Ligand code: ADP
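Taking the form predicted alone, here's one chain by itself in structure tokens.
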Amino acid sequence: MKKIKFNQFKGGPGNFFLVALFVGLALMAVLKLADFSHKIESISYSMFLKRLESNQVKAVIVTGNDVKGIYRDGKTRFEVTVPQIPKIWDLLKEHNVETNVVSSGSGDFGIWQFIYLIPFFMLLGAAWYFFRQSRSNGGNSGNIFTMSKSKAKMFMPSQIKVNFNSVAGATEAKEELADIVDFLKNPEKYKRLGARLPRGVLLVGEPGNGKTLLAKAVAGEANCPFFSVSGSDFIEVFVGVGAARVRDLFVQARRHSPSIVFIDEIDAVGKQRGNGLGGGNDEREQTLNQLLTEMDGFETADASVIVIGATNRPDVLDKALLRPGRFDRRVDVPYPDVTSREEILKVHAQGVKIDTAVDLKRVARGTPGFTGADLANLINEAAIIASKTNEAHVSVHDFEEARDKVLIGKELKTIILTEREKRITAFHEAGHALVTLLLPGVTDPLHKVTIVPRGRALGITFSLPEREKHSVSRDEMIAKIMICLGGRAAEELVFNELATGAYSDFSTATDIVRRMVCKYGMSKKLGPLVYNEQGENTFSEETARMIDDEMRAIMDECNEQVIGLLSLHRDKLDTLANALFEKETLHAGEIYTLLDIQSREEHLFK
């Protein structure tokens, strides 16, 4: 099937106006030249002598035997051929005639002709420039006459190489979208029972989770044309342009039906109406109104067009856009779980030379909260690190380094700690690690501890989750708070002083406590109530004071338990901190052996 480019340069009123303007100005230049030539009077040699002697000649230009001049009235020009030039020099001088002599072939008429032709050539160049710009930009950018054309990029089925097999993870989302594919492939299968084709599907998820990839996969599976456009492409400074672009987009989509229109970042054009006054807000609302009309205004029996929108802000979308009949389905595209992360890693690992010792399942386990884009970046960073050192394969160490770099930042080799700062940091991280080890039932297994500075952190303690968690108990949240407080508690216990390195730990602990009290009903005094602290508070000052008191009580209780736990195991704290001070980085296996604690690794993957 021949690829159709509907946004190429086309004739129209705008181009006709440009050509008419060009022809008109060129005609004016020609008429001006004609007018100039009509004012030149050809006279005889005797008439020239007579008028010269009567003092009527103001100035002349002599070119060989040809003389051109102007009378003293300043309006009439003349030309004459003189048989013997030397005889008239005295007459010209006697009557104070301004005289110029030029070489043959460079008369003043040629100069004036060139001057009058300059606008002609300028117009010709301008017309050529606008024509080339319109052709190079597809006729919809850089040309005011085609501004109302849609900026959507059209992909024919032969160009789309993506299908559901290309999308790792997102199992539930693919199942939802499989229905849309079946509708597009076999519409009669559903129409026979009275089912209608869904008008729109809204993909909701955080950036990087594969919304655009899923939309392309639907087009690839359905084997139909795919129009891709961003929500911001509709909005323009000129009022009415956005609505015109929406109309043009749907005209093209219906012409190639069955087809799919994908609008990325639809919240740019689909925000709730009535939140602003005038200006760009009016243009956006007109564009949204046109989109609403197009989605609910065409007959599905005549044109099968599915609109797929993608956003990470469904809360700001207009209610009219979300009602049945427009976006009939909402498909959530969540963060990938550990199984999906492993599948995504395998997809992006294709073509990368990875050491056989690398366990992608373990890598997936150590990347909770990573999106598909993050995982692709992780493998790329690991390959870059291995390439810098000319390694034959990407090793486990390269993946460790890449993950640390992505999560925390690059290793800061320029920061040189004093011996005291390094020792304080060692005890701080040892405190985090030891609390993790001493609460085995409610914490994730320890993975690595390091006091090598990265990003804004002077040291890091890593834990890897045993499994994907979909809910967290109160005991697990208390354990997380205690781990956060373990660093400061160790410093205070050993050095009897307070330092600034625990700020991020306190920030994390405070956030956990606040959620326990205000969202999860884990407070004894406040009970199972949700207190929203975003925007206007819905509770009294007394309730706010109770929230503060409950948060402080939980934090103080956790802090006392941590200090007691570390005091009881002070020998293990000293051993771990001293080893960390010497080696700077310790992995879980080394720590288990060092402290004579049973390893939790044997329970993993069961």
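One rule holds for the numbers: they count along the sequence shown, beginning at 1. Please read all numbers here as calculations on a predicted model, not as lab measurements.
Heads up, the form predicted in complex with adenosine-5'-diphosphate isn't pictured, but that's what we're talking about next.
Student: Among Val251, Ala178, Leu213, Val452, which has any heavy atom within 4.5 Å of adenosine-5'-diphosphate in the model of the complex?
Tutor: Filtering the options by heavy-atom distance leaves Leu213.
Student: Though adenosine-5'-diphosphate is not shown, can you say which of Val241, Ala268, Ile160, Ala168 has a heavy atom within 4.5 Å of it in the model of the complex?
Tutor: Checking each option against adenosine-5'-diphosphate in the model of the complex, the one that comes within 4.5 Å is Ala168.
Student: Tell me which stretch of 517-525, 386-394, 199-207, 399-407 has a heavy atom within 4.5 angstroms of adenosine-5'-diphosphate in the model of the complex.
Tutor: Flagged stretch: 199-207.
Student: Could you tell me if all three of Val57, Gly69 and Arg72 have a heavy atom no more than 4.5 Å from adenosine-5'-diphosphate in the model of the complex?
Tutor: Answer is no for this spot.
Student: Would Ala373 count as touching adenosine-5'-diphosphate in the model of the complex under a 4.5 Å heavy atom rule?
Tutor: Heavy-atom contact with adenosine-5'-diphosphate at 4.5 Å: present for Ala373.
Student: Using the partner position in the model of the complex, report whether His447 sits within 4.5 Å of adenosine-5'-diphosphate, counting heavy atoms only.
Tutor: Contact with adenosine-5'-diphosphate, no.
Student: Does any heavy atom of Ala222 come within 4.5 Å of a heavy atom of adenosine-5'-diphosphate in the model of the complex?
Tutor: The answer is no: Ala222 has no heavy atom within 4.5 Å of adenosine-5'-diphosphate.
Student: Is Ile306 near adenosine-5'-diphosphate? Define near as a heavy atom within 4.5 Å, in the model of the complex.
Tutor: The answer is no: Ile306 has no heavy atom within 4.5 Å of adenosine-5'-diphosphate.
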